[in-house]
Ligand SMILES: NC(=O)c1ccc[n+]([C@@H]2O[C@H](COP(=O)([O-])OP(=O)(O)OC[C@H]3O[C@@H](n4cnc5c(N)ncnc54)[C@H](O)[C@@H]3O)[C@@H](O)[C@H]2O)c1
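In the form predicted on its own, a lone chain appears below as structure tokens.
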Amino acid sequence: MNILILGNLGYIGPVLITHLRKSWPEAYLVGYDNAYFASCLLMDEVLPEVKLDKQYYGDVRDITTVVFEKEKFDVVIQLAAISNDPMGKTFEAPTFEINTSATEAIAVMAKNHGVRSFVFASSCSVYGMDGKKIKNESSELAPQTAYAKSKIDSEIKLNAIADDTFTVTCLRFATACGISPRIRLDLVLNDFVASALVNKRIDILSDGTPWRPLIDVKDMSRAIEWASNREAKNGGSFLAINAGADESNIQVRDLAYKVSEELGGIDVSVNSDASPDTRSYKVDFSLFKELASDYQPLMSLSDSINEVGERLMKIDLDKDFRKSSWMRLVYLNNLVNNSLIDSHLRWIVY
């Protein structure tokens, strides 16, 4: 099996590569990434890309058919994205260029070159608000941000391309968490663990009431493996599906107390005067349980909290970690401010 992983030099990619190499030792794995975050590795980590057969460097907005003509891929996994709400707000135009327009163009190329399966990393954030009603795949969509809107726009474009020869799976992932060689600390669980370790307290900036489902990056990789091999008879030629587990739905304040409990009773502060966060969604994952019964999440919240905590305790994590390279918007802004990339997130070539 020949697999192209777009956006492999980020948070999910290193864990996914390790998982796929273990699941399919004979697979031909190729990465394609513009390397914004390639250097954002935890100290003493071995370069994850040594497990690939080949690495291309380039902007997904500029990918050409040459890549597909050379490699004859069976599967394309699209992880490349401006990957959270703050980045999408700061870089709105590139968000739609990378997340939506490039995804559509690549899917068309892939289909025209015989790729049979296209896996797109979407998000439960497309549901947006109204945490009182449990959201399933038929629920009304209410994206609140450029990031969430770009994901829905991509799903619409991909639905038009899918057919009996080209199976598309859009995994609407719960909020990511867990350990990765390229850790992100701008994710709610990871942030709470880091704050508990270095500040000995967890400060919730909102009122803590929003609902969030969570999924460990290891379980995201398992879901991607399933989607890569999914046949059209199992869900249709196009499938947008919530990926996670019902028991992972949790309110932000309860997650903070869960982190506190696992790490020894850290103080938790809730800003009860804060305006409610409209990004609140409780999600139904029963379809994923039905169609991907052998690929259900294995990592509990406790597992994720403790793995992140154990790994972060091995490094010299600064109290100002929210200004570090492990915060994606901070790092992108540093690249822009140092004239390494421009405001459209393109590398500046001297």
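What you see is a predicted model, and the numbers here were worked out from it, not measured in a lab. In this text, residue numbers run from 1 along the sequence as written.
Form predicted together with the ligand: not shown, discussed below.
No member of the trio Val115, Leu158 and Ser228 reaches the ligand in the predicted bound form with any non-hydrogen atom inside 4.5 Å. Although the partner is absent here, Gly58 lies within 4.5 Å of the ligand in the predicted bound form, judged by heavy atoms. Within 4.5 Å of some heavy atom of the ligand in the predicted bound form lies at least one heavy atom of Ala35. Not displayed here, the ligand is kept clear of Trp326 by more than 4.5 Å at the level of heavy atoms in the predicted bound form. Taking the partner from the other structure, the ligand in the predicted bound form has no heavy atom within 4.5 Å of any heavy atom of Arg212. Just one listed stretch, out of 184-192, 263-271, 229-237, 161-169, contacts the ligand in the predicted bound form at the 4.5 Å heavy atom level, and that stretch is 184-192. Checking Thr100, Ser122, Asn249, Ser221 for any heavy atom within 4.5 Å of the ligand in the predicted bound form turns up a single hit: Ser122. Residue-level contacts in the predicted bound form: of Ile82, Leu255, Ile152, Ala196, one residue has a heavy atom within 4.5 Å of the ligand, and it is Ile82. Residues of 163-184 lying near the ligand in the predicted bound form, listed in sequence order, are Phe173, Ala174, Thr175, Ala176, Arg184, the criterion being any heavy atom within 4.5 Å.
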